[in-house]
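We begin with a single chain expressed as structure tokens, specifically the form predicted on its own.
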């Protein structure tokens, strides 16, 4: 008990404590917003500085955060309850359906209900020229909210951290910037900042990643509306190099996201030339590719995401597999803030109060890997693909029937409205399995291979 009291007193944040947040994306902004709100509940004041060199008000590469940019209605509503109301200027498009494309046809999957819709956003200013449309980026909106709460934004790149007197000290270009009571690592996996924390020697290792391809395709708003409407177009093709791809409408642009193995720059042109994809796009003269990149995606969280006066959150720590990075940033940023403000900033505090939330996302991703493995089997098998399409079509035709299990699974798999562990029991539904095998058997008998 005496040891516990010593730790509690030595690692409690007090009035005037300096907190350094490295990364001004959603995780860093969420942490800052909630830490400052919670501090006021205890009648305390913290000096929170967010170090983010990127300018999210800029369009083009200078403000880009290289993400697909999908936000669930559930998160929008949750943020509203927290007092964070997303303005119309942030939302690019409301999404009410998916259109699933395969080599054997396509099918629409409508949102199961109004509260499970999704919306599209740009994490930065968008492709070059977007800012003239009067929109703003999601990341800049959140960072601005953090500043309004009392945080300070510094456009500095932190390149070294050292411990002095058992406290982390931050450096930029060999200049000492700050001695902090807490450092929050909220950088993304596409930065080099992870090496700074690895060098501290507490066991942190950069998350395991895969490479994705993201492309911005420019069209007129009328063409986007005509060819894409309010739907995300999802492609499940029997291509070993591509796990899945999605085209996400955003006003006068469509964001193409491709996820797979051994992704390279050439895979974009190969994908766009596939017959199924060409059948979705307008004539080549009606669109142009404005920019493309090959960002990394976190697929396995580090085992040691904290130490005394250090904690990792967002993509630097535990995030959702292949989807809902914004929802994970909210959960982890708030959990880290709650632990730091109400409990303390020692390794023991983070282990007791932060790690259970961190671990819950890791466990949830195990369910996700199993579910994606099932989808891989279906997309790689012609008979199962035909059966899946047939079942979903029948489910979508029954307007008032809520037992649209397979439709619900596919909707929830590619949105942020449901955790993988909650989708998993649906994948075990016996009636759905029987329907799938029945329709697959029909396709086999008809020779529809």
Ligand SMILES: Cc1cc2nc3c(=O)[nH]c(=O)nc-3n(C[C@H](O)[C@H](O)[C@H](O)COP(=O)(O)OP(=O)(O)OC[C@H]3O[C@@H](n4cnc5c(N)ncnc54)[C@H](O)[C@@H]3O)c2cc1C
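Numbering follows the first chain given and starts at 1. Please read all numbers here as calculations on a predicted model, not as lab measurements.
Although it is not shown, the form predicted in complex with the named molecule is what the next lines describe.
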Check: Want to guess which of 77 to 85, 182 to 190, 223 to 231, 352 to 360 is within 4.5 Å of the named molecule in the predicted complex, heavy atoms only?
Finding: 182 to 190
Next item on the list: Quick one: from 151, 307, 236, 213, grab the residue that has a heavy atom within 4.5 Å of the named molecule in the predicted complex.
Entry: 213
Check: Which one of 118, 247, 297, 331 is close to the named molecule in the predicted complex, taking close to mean a heavy atom within 4.5 Å?
Finding: 297
Next item on the list: Please run the contact check for residue 137 against the named molecule in the predicted complex: heavy atoms, 4.5 angstroms, yes or no?
Entry: no
Checklist line | Proximity of residue 267 to the named molecule in the predicted complex, heavy atoms at 4.5 Å | finding: no
Notebook entry, point to check: So, in the predicted complex, is residue 123 in contact with the named molecule at a 4.5 angstroms heavy atom limit?
Noted result: yes
Margin query: So, residue 404 and the named molecule: in the predicted complex, are they within 4.5 Å at any heavy atom pair?
Written below: no
Next item on the list: Scan 68 to 82 and note down the residues that get a heavy atom within 4.5 Å of the named molecule in the predicted complex; none is a fine answer too.
Entry: 68, 69, 70
